[in-house]
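Next up: just one chain, as structure tokens, the form predicted on its own.
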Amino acid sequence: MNFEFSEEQNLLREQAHGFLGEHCPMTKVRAVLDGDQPTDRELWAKIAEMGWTATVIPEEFGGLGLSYLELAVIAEELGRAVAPTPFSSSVYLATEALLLAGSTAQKERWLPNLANGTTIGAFAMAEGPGRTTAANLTAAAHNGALHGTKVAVADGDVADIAVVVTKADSGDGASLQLVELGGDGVSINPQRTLDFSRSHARLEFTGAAAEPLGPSGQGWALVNKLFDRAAVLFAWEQIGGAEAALEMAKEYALGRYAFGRPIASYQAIKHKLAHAYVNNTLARSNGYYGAWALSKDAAELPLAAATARVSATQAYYYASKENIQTHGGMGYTWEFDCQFHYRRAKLLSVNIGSETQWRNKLVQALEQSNAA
């Protein structure tokens, strides 16, 4: 089975790499960290013009109708550039939720604007510290009115709509609700996280108008399916970031001299970079498997997604951490760019569940695979 990307997909990668090199240099990321804007609106508009937000949306709903392999390629380059945009929230989560559970009317209403980038989506699940489960949800919608609070909603302060996880209308389980964030009964309070280049918000709903997305009581199954799909795309974003962090460390080590020799010639540095390279190569291999499973909607997707997610999370964190260490004391300063990948690595490691949660999912998927 061939898990490599095709020649056309590699050409797309080159195009995306060149585009982001021109329109998203590190100075753009730094401008968001130093400024008071939660995201780079100009970059978002250019990304939408490139059609990336429309990649997997069917043509009948204003999209390009391409495969998830192309979206994985784009995700990798966005991760490499540490792009300060709401791409993952809007494309991997909100758009995917509509594709999975939306009615024809909901798709016709929202997907065209998500495709052209004029509408930004977010996904709201967490309500406080600790793991969110169907049993401890408190947010609820009755007769089309949503009440409750969601915290640390990625891109919640720049989004136009949100897919909100709530208690089921009756009985156990969960439901998904679609909410316009600009309507009455919605309070948006921006929150700063470790990664300033990705905005977050606390959303409070007091009778906000909401419409069900998918059948009531089946929301948790939809969340699990959605997260399996998103995990592959997040993994490719992490792979791109891990490779960029390794490249940054390598370039510095080759140019930095100590005792008349480049520090890259010392065994202690070589071993760190070699370890990062091995991690990145393993993550890429697992990422290929995940991208294939996602593009085919294969039965192995839960296993492939968990494998890709765990290995990519480990690779990005290690590479970003060792990038700082390779730079020495200067790597910890605000003036150096090492921080961008470290911040993003930490943020992405918990964006749709912690590494521990995904390790547990991997074990469960392996047990089910062995039992089949």
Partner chain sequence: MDFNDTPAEATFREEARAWLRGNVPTATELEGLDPIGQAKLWQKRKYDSGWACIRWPKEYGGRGATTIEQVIWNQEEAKHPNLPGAVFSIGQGMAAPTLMAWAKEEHRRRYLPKLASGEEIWCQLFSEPAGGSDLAALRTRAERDGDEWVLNGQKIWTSGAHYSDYGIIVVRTDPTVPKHKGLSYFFLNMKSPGVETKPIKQLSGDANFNEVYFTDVRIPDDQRLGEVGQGWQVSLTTLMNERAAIGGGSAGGDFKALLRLAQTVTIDDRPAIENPAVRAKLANWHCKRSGLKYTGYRSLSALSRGETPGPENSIGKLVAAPMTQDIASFAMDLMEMSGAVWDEGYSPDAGLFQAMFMAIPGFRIAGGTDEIMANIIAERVLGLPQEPRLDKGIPFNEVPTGAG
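Owing to the predicted nature of the structure, the values given are computational and were not obtained by experimental measurement. Positions refer to the first chain, counted from 1.
Below: the form predicted in complex with its partner chain, not depicted.
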Answer range among 269-277, 159-167, 188-196, 115-123 for contact with its partner chain, defined in the predicted complex as heavy atoms within 4.5 Å: 269-277
Partner contact for residue 8 in the predicted complex: its partner chain, 4.5 angstroms, heavy atom: no
Heavy atom of residue 262 within 4.5 Å of its partner chain in the predicted complex: yes
4.5 angstroms heavy atom contact with its partner chain in the predicted complex for residue 55: no
Residue contact check: residue 246 to its partner chain in the predicted complex, 4.5 Å heavy atom: yes
Contacting member of 221, 145, 134, 254, with respect to its partner chain in the predicted complex [4.5 Å, heavy atom]: 254
One residue of 32, 310, 338, 48 in contact with its partner chain, assessed in the predicted complex (non-hydrogen atom, 4.5 angstroms): 310
Site check 250, 286 and 370: each within 4.5 Å of its partner chain in the predicted complex by heavy atom: yes
Any residue of 57-72 that, in the predicted complex, places a heavy atom within 4.5 Å of its partner chain: 69
